[in-house]
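We begin with a single chain expressed as structure tokens, specifically the form predicted on its own.
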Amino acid sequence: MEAINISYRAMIILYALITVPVLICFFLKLGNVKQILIAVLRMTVQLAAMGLYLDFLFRFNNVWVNFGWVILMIAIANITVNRNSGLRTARMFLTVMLGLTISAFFVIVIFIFIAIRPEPFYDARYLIPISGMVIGNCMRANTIALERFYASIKKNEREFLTYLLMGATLREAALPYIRESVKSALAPHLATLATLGLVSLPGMMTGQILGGSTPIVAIKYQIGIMIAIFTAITVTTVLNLLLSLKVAFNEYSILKRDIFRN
């Protein structure tokens, strides 16, 4: 059984729903009506392009094209992480790319190639969506962790330098800030794990059910992807913070100002 298709006429009705938040924002004079319309337009264009490309990927299903797309997703996530965390992409690109790639492929290999074992192993219907979920969550977690870490170092620079003057190594001095940054990055995902199935019906499970899977199969997939995502974001945030120390600090363990965008 496949999911029921939505007609283009029905899509027009769904698009008409956007008039409700637009009118509310207009009458409240929030000043974001243009932003909402542009966001919806961008979403439509981006998802339409993605749908066409994914349709091509699923039909072609080539190992090099599939893995090339995964690498491209990681690269785009890398640029987004640096931009949103206030760091210069040119200085941090290789560091963040390494951390994202290692952590993403670590869980992707286990979840897809060992747990699910599709035929062929690079099947785009499994590799692309699951990789996208893992990489997307790693992107958000890394943005929080890196932004929080370097903002804390800048704000508490005297305290950080005091640790160094007392004989601490760079890693020892940075450890308290690393702890707080990782906790901040993991907090939203911990809250989601604790309330999943009670507050909301998770997206992957919903998609599986709409696609014709039984609820039990859908639940297995959802549990698997949540564990995989949480593992990936934990590994990638810690790894990227530690790797970034070599790039962000000079030989005297002083924070380099040129790593920041402004």
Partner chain sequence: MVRFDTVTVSYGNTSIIQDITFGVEEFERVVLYGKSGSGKSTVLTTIVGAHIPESGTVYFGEEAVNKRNIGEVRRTVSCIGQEPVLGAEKTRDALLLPFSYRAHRGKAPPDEQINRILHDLQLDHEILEKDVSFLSSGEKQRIAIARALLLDKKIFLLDEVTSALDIESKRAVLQLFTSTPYTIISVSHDPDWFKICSRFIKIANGRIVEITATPDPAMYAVNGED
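Only a predicted model underlies this, so the values are computations on that prediction, with no experimental measurement involved. Numbering follows the first chain given and starts at 1.
Although it is not shown, the form predicted in complex with the partner chain is what the next lines describe.
Asks: For the chain shown here without its partner, which stretch in 78-86, 100-108, 152-160, 188-196 has non-hydrogen atoms within 4.5 angstroms of the partner chain in the predicted complex?
Replies: Among the candidates, contact is made by 152-160.
Asks: Which residue among M133, A115, L164, I71 has a heavy atom within 4.5 angstroms of the partner chain in the predicted complex?
Replies: None of the others qualify; the residue that does is L164.
Asks: If the cut-off is 4.5 angstroms on heavy atoms, which of these, I254, V247, V22, V238, is the one near the partner chain in the predicted complex?
Replies: When the partner chain is considered in the predicted complex, the option within 4.5 Å is I254.
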